[in-house]
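One chain follows as structure tokens, the form predicted alone.
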């Protein structure tokens, strides 16, 4: 068991205001994935804490239709799905501070409530092109949940935005690819990046830069 009784109680309290059902769609594989089994077990324990949460588990190597449907390209992966698939993803097991991001993203998808200003939501909804946010985080980073939650709020607000939260230590090849030396580190549409936990307007300005 990953979640001790005290943590279970705290999570249940955070889940008291869940509104719509949430599906945790987990992708795993039997070998060659250090954190897959632990991630699946953690999500199983989370799903048991609220009748609003259900769990689906797919094998990354054999369930090709589901891998394609959810556009999963690495494991462990968890898609947090509500009334629809908002493009909200977690890659890696969310331990430490990353656990906060998991809980808050579940609440976000269930309640549909973001902290974005109306003009920010309107801009995102009216994007002409697809936008991909990749937020690199680590379990020991207290500022990472803020950056992760913001990206997921943007994905919830717009069908044009997809947001991945990626544990840098669990995917070092990606951290190297994007020159991640500190977290949170948000990659926007492959060509721009933002360091640190910043407010929404800063990310939106970066999005505008990439879409010129």
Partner chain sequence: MLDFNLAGTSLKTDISKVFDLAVIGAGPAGLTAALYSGRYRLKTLLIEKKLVCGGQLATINSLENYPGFSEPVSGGRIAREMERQVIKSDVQILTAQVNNVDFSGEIKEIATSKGLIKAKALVISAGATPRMLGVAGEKENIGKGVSYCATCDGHLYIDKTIAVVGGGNTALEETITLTKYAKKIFLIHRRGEFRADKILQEKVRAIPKIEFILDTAVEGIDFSSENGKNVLINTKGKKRNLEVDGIFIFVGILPNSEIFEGSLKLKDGFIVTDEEMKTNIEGIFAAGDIRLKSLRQITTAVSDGAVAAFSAKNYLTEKNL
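Note that the structure is predicted; figures quoted are calculated from it, not measured. Numbering follows the first chain given and starts at 1.
What comes next is about the form predicted in complex with the partner chain, which is not displayed.
118, 123 and 165 each touching the partner chain in the predicted bound form (heavy atom, 4.5 Å)
No, none of 118, 123 and 165 comes within 4.5 Å of the partner chain in the predicted bound form.
Just to confirm the contact call: exactly one of 101-109, 68-76, 81-89, 126-134 touches the partner chain in the predicted bound form at a 4.5 Å heavy atom cutoff, so which is it?
Correct option: 101-109.
Between 38, 56, 48, 59, only one gets a heavy atom within 4.5 angstroms of the partner chain in the predicted bound form; which residue is that?
None of the others qualify; the residue that does is 38.
Test of understanding: in the predicted bound form, would residue 200 fall inside 4.5 Å of the partner chain by heavy atoms?
It does not: once the partner chain is placed as it appears in the predicted bound form, residue 200 has no heavy atom within 4.5 Å of it.
Taking 4.5 angstroms as the cut-off for heavy atoms, does residue 186 touch the partner chain in the predicted bound form?
Result no; residue 186 lies far from the partner chain in the predicted bound form.
For residue 192, is any heavy atom within 4.5 Å of the partner chain in the predicted bound form, or not?
Outside the cut-off, so no.
Quick one: does residue 149 come within 4.5 Å of the partner chain in the predicted bound form, counting heavy atoms only?
Yes, residue 149 lies within 4.5 Å of the partner chain in the predicted bound form.
Along 5-26, which positions have a non-hydrogen atom within 4.5 Å of the partner chain in the predicted bound form?
Counting only heavy atoms within 4.5 Å of the partner chain in the predicted bound form, the contacting residues of 5-26 are 6, 7, 10, 11, 13, 14, 17.
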